[in-house]
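Below you will find one chain, with nothing else, as C-alpha cells; this is the form predicted on its own, and questions on how it binds or moves follow later.
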C-alpha cells in the first residue's frame, strides 16, 4: 500500500469512472484531489465526506483553470505524485456529418486537455524526480469503430502522446501509464444518447438506430463494474513497478483479437455489427 501519495484526478462527477478512481486511491491511503468543471461540482458533494478526498474546480480545456487547480494542490501539499487524466467526453455520429465544432470540442477535452494537464504537472514532478502520469485511452483508440470515429481518433492521439511522453519523461524518473478500458459501466452511454438528440442526420437517416446502438454499446449488462475497474487501476499504478499499459474490462479480449485481425475481417465484423452491410438510398 502506498504511503500518503498525492493524487489529482480529473473528471470526477458522480456516475463516471473518475468518481470511482477517487475512492479507490483514497482506499490506498492516498490524499486525493477530485476535480471537475464548475457546473458539475455538485455531483462531487458525496466525495467530500470521504476521508482523504478534497474537491476542486478544474476545466481541462482552460489554461487558467488548469494552472489554478495545479497551483492549489501544490500550495497545499507541496507536490503531486500521481495525475489521473480521466476527463473526457463522447462524440458519437458518422464522421461525414458530425459537426466540426463537436469534433473540435472532443479533441480539446479528450486530447489537448490531457496534454494541458501534463504540461502543468510535469515541471513539479521533474523537480522532485518522481511521479506518475496516468493517461486514459481506450480499446477503441487501437481499434476504431463506426459511428464513433471522432471519439476513437481523440483516444488514438492520447495513445501516441503517451508513447512519446513515456520516453521523453524517463530522464526525470516520471512514469507514464496508459490505461485502456474496455466496456466499463458508467453514465457515459446515457450522455452519448442525450447528445444524439441534437442531430438530424441526412445521409445517414436510415442508420439512426444503429448509431444510437453504438452510442450505448459500452453499457451492456456485461460491462465491468466501475468500482472494480478503478480499484484494479489504482493497485497497478501504485505498485512498485507500474506497467506501461493497463488493459482491463469487458470486451478487451475481443478488441485484442480484432487488433490482430486483417482489415477485411475487422471491416466485416463492424459492418455486420453496426448495420453497415447494406446499400444506402438517398
Partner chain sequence: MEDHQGKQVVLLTGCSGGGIGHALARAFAAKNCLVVATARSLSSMADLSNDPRFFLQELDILSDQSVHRVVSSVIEKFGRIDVVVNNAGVQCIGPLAEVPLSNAQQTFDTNVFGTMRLIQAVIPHMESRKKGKIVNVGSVTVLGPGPWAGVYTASKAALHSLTDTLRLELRPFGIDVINVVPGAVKSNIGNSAIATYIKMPEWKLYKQFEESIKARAYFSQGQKATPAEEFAKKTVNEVLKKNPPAWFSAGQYSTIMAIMYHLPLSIKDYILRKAMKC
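Numbering follows the first chain given and starts at 1. Note that the coordinates shown come from a computational prediction; the quantities given were computed from them, not determined experimentally.
As for the form predicted in complex with the partner chain, it is not shown, yet the points below apply to it.
- Contact with the partner chain in the model of the complex, judged as any non-hydrogen atom within 4.5 angstroms, is confined among 224-232, 46-54, 25-33, 238-246 to 238-246.
- Of the listed positions (130, 196, 156, 210), a single one reaches within 4.5 angstroms of the partner chain by any non-hydrogen atom in the model of the complex, namely 156.
- The candidate site formed by 89, 252 and 257 is entirely out of contact with the partner chain in the model of the complex, as no residue has a non-hydrogen atom within 4.5 angstroms of it.
- With a 4.5 Å cutoff on heavy atoms, residue 94 counts as touching the partner chain in the model of the complex.
- In the model of the complex, the partner chain sits beyond 4.5 Å of every heavy atom of residue 191.
- Within this chain, residue 266 lines the site of the partner chain in the model of the complex, having a heavy atom no more than 4.5 Å away.
- Residue contact with the partner chain in the model of the complex: residue 78 places no heavy atom within 4.5 Å of it.
- Residues 160, 161, 163, 164, 165, 166, 167, 168, 169, 170, 171, 172 are the members of 158-184 with a non-hydrogen atom no more than 4.5 angstroms from the partner chain in the model of the complex.
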